[in-house]
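Here's a solo chain for you in structure tokens, the form predicted alone.
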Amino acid sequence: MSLAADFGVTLTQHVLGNQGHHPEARGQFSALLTQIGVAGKLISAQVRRAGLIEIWGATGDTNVQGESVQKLDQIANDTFIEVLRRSGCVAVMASEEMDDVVVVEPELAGDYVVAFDPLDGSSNIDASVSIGTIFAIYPRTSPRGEASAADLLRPGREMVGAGYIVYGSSTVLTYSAGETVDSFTLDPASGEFFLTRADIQMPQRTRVLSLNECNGPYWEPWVDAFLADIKGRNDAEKRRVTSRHIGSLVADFHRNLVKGGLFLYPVDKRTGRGKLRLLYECNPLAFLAEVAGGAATDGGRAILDVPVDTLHQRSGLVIGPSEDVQLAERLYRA
């Protein structure tokens, strides 16, 4: 029996089998997703070799967010840009690590635009904790040869696909084109992503609470009431909610998507803004959450309805089971 027969459907087979959802793309959407898989394999190989080839640590530069750029940040960013540029599917792309967009040469430009966080959770690199890549795909709206940042400054509702890649005990790629959320695990021996979780549905009971409680003094009052409700579900009979916080958004979200959990990073009352980036982190994960039966909010409105005004706009985020996200919104409004 062949390895493919043992493991089942590959990422490429799955994507090609579903390309009818975007017939206007003439196969570009399918090609783009498979090329993102290629970029994930290349980054995964570098992550696994990081300590051996001395690419841990910082470059000495800071990114547009004012954060220290790690060596793997730069490698992942360069890899993603180069793979997408050569794919023939992308007209313009934006990275969390860069001030401005990357416009692809007209002769290579395609019908889509992509926003991505090349290495989410990079502060965990040196501790060998799970990190990942997050991506969002939109159709290009500008005429051919005139792509710009305006193609990306759009509400998340206009996305046609999103996903992430987790580099942890295994490398897992999860994506959705709007119908289902499906997860694939990289087999190192064959170099293929194989389908391991199909049509993921987010459990509708919060079993895991993911947040940095040391930020408690900086939260708005509604957050305390919200957490009191969630934690109050534990009683003398049984502990129904536990706490797990990895510190890599993509890894926290993946665990919660599979096991049933709520991730919380509220607005900081000192600044009046959130920490997470709307375009690169909140929107793509909110897209996945909604397709899987969950929800995401900034407190007052669904994340996917928030206008995107700037490339590096920040937002508060509550993401997880829909009933608890709705509870957060009610308490926020009250």
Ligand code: AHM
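Numbering starts at 1 and follows the sequence shown. Worth saying up front: this structure is predicted, and the values here are computed from it rather than measured.
Just so you know, the form predicted in complex with the ligand exists too; it's not on screen, but the next bit is about it.
Novice: Hey, of 225-233, 142-150, 245-253, 102-110, which bit sits against the ligand in the model of the complex at 4.5 Å between non-hydrogen atoms?
Specialist: Comparing against the ligand in the model of the complex, the contact stretch is 245-253.
Novice: So which of 276, 47, 304, 267 gets a non-hydrogen atom within 4.5 Å of the ligand in the model of the complex?
Specialist: Comparing distances to the ligand in the model of the complex, the residue within 4.5 Å is 276.
Novice: Pick from 167, 263, 193, 116: which has a non-hydrogen atom within 4.5 Å of the ligand in the model of the complex?
Specialist: None of the others qualify; the residue that does is 263.
Novice: Should residue 298 be classed as touching the ligand in the model of the complex when contacts are defined as heavy atoms within 4.5 Å?
Specialist: Taking the distances in the model of the complex, the answer for residue 298 is no, it never comes within 4.5 Å of the ligand.
Novice: Going by a heavy atom distance of 4.5 Å, is residue 95 a contact of the ligand in the model of the complex?
Specialist: Contact check for residue 95: no, nothing within 4.5 Å of the ligand in the model of the complex.
Novice: Residue 203 versus the ligand, in the model of the complex: is there a non-hydrogen atom within 4.5 Å?
Specialist: The answer is no: residue 203 has no heavy atom within 4.5 Å of the ligand.
Novice: Even though the ligand is not shown here, does residue 174 get within 4.5 Å of it in the model of the complex, heavy atoms only?
Specialist: Flag for residue 174 set to no.
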